[in-house]
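Shown here is one chain on its own, the form predicted on its own, set out as structure tokens.
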């Protein structure tokens, strides 16, 4: 299925969760915020939140520094 990630079309297996998508993109879920269709997904729901065809995600990575 196709989804939109940070403005880019991506192919994703049907039945994927937010957590599985992050794994496939090699993104550490401890350091990101995810917005799915304009709604923030709490980190504890990453594994249970299933993606659908044409979903739109914004993934923001936290960067530390000083």
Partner chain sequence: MEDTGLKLGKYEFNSRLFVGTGKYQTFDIMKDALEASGAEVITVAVRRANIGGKPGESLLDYIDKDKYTILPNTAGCYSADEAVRTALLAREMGISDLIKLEVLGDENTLLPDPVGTLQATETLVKEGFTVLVYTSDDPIIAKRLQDAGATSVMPAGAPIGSGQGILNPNNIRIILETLSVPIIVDAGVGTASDVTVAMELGCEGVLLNTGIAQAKDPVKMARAMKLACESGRLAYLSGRIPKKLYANASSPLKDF
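Numbering follows the first chain given and starts at 1. This is a predicted model, so every value here is computed, not measured.
Only in words, not in the display: the form predicted in complex with the partner chain, which the text now covers.
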item	value
Contact of residue 23 with the partner chain in the predicted bound form (heavy atom, 4.5 Å)	no
Heavy atom of residue 1 within 4.5 Å of the partner chain in the predicted bound form	no
is_contact(residue 42, the partner chain) in the predicted bound form, heavy atom dist at most 4.5 Å	yes
Heavy atom of residue 10 within 4.5 Å of the partner chain in the predicted bound form	yes
